[in-house]
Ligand code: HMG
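Coming up is one lone chain in structure tokens, specifically the form predicted on its own.
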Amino acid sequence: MTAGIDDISIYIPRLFISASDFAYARGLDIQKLENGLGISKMAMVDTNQDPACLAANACLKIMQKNNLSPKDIGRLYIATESSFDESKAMNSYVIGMLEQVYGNESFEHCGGIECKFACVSGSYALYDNSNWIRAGEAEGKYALVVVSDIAKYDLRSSGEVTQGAGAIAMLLNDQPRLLQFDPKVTSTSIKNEYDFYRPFGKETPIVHGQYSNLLYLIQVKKALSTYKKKVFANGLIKLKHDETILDYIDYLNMHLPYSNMGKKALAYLLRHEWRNLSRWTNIIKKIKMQEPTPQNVKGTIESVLADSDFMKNDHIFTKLFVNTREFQDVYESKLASSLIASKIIGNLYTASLYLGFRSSLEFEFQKGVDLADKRIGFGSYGSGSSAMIFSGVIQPEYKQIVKDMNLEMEIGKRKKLSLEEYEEIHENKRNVDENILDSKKEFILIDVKTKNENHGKRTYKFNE
């Protein structure tokens, strides 16, 4: 049986902090933020919002848009790394909110769990629910997979420039109008690492930035190698002489902790895939520099990062490579549209990959491109660490979904935070009822208990 994404919706909080204001306050180079990292705005939650609110609002939007009732939903999974409960799953919070609209116990039949594996967990949730549908267990019902996160880093830390917040809900079934997943090719790579993690009781993560970036690239490359083996084994794609698997992927969506990380990932994968092809020989002649290799034979990430000469030369080589016509052609045709939304919203952790997918759909459609039958490749990564590579094909009915996509209208009128307001919210100096924006037709957090017998109990309300 087939399985795929029938529809997709987003919920992005309307508060944001400007990269230019942020750079000025922190004494940073605005060009580095806007051009180097690809950041212009970062979405921020209000005092009465949390990851469960974001997820519930995304779910409500997709259900209302498709005129679905709770009986149409068989599973509801939430993938997040912003969990606030070490026992109670976030999907139960979301179901509790949805039942305020659809009626008490209306979702009691709906199975699901909260998934956690840093930013890759949404992809595992998609894979699990796709297999549930393929196995015939869905019996005509949809699966709802929601990726919801608040990317938050310590004040004045290096990661503070890569924050953001939002949720994306994806409706899955066996006759998807949007994207049908390629069967039996999903591939993973996993390793025990401490590149990025958040210990119990800590609200913000511990980050080893350079290490994590390089590990991301290596893990995705490993997963791609397994993906190629599966693709060739089942005959999905057959390469001709002097071709690469990426020649047969029409669009790429990469995990985006910041938008330009997608460009770095593309450059890394193309270098790996093109190295033994004739086009690589021509590129080397053009840039007049041989591709550098680390001198340290240990081959560990630590040894590579410690090789200062290699790191310097590799940076120079990459800059020359990404300026070649060959790279730019691939970048503009396969990746660039997926980065647009990230630039104005920021890092969404589990949702960043799917924000890229959503962005690519909207902005390629606006160009007048016929997306039917185009193959989409997904490069998912989660620290700790795991990568997942999978693909799917855009379906002939996609225009039913994509024609109404308008990122600005779907977010709504946004309000720029002052640095003082941002820091008050960041440091939890405002109570939940000291919100900046008024909310209508959406779920909000109205109380968090602090007494021992009910400590941490959260109350939500659908604000009419």
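Please read these numbers as outputs of a predicted model, since none were measured by experiment. Numbering starts at 1 and follows the sequence shown.
Below, we turn to the form predicted together with the named molecule, even though it does not appear here.
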property: In the model of the complex, segment of 342-350, 238-246, 164-172, 390-398 with a heavy atom within 4.5 Å of the named molecule; result: 342-350
property: 75, 136 and 142 each touching the named molecule in the model of the complex (heavy atom, 4.5 Å); result: no
property: One residue of 153, 280, 127, 331 in contact with the named molecule, assessed in the model of the complex (non-hydrogen atom, 4.5 angstroms); result: 153
property: Sole residue of 311, 101, 113, 207 within 4.5 Å of the named molecule in the model of the complex, by heavy atom; result: 207
property: Residue 158: touches the named molecule in the model of the complex, heavy atom cutoff 4.5 angstroms; result: yes
property: Contact label in the model of the complex: residue 37 to the named molecule, heavy atom within 4.5 Å; result: yes
property: Any non-hydrogen atom of residue 88 within 4.5 angstroms of the named molecule in the model of the complex; result: no
property: Any non-hydrogen atom of residue 29 within 4.5 angstroms of the named molecule in the model of the complex; result: yes
property: Within 378-398, the residues that have a heavy atom no more than 4.5 Å from the named molecule in the model of the complex; result: 381, 382, 383
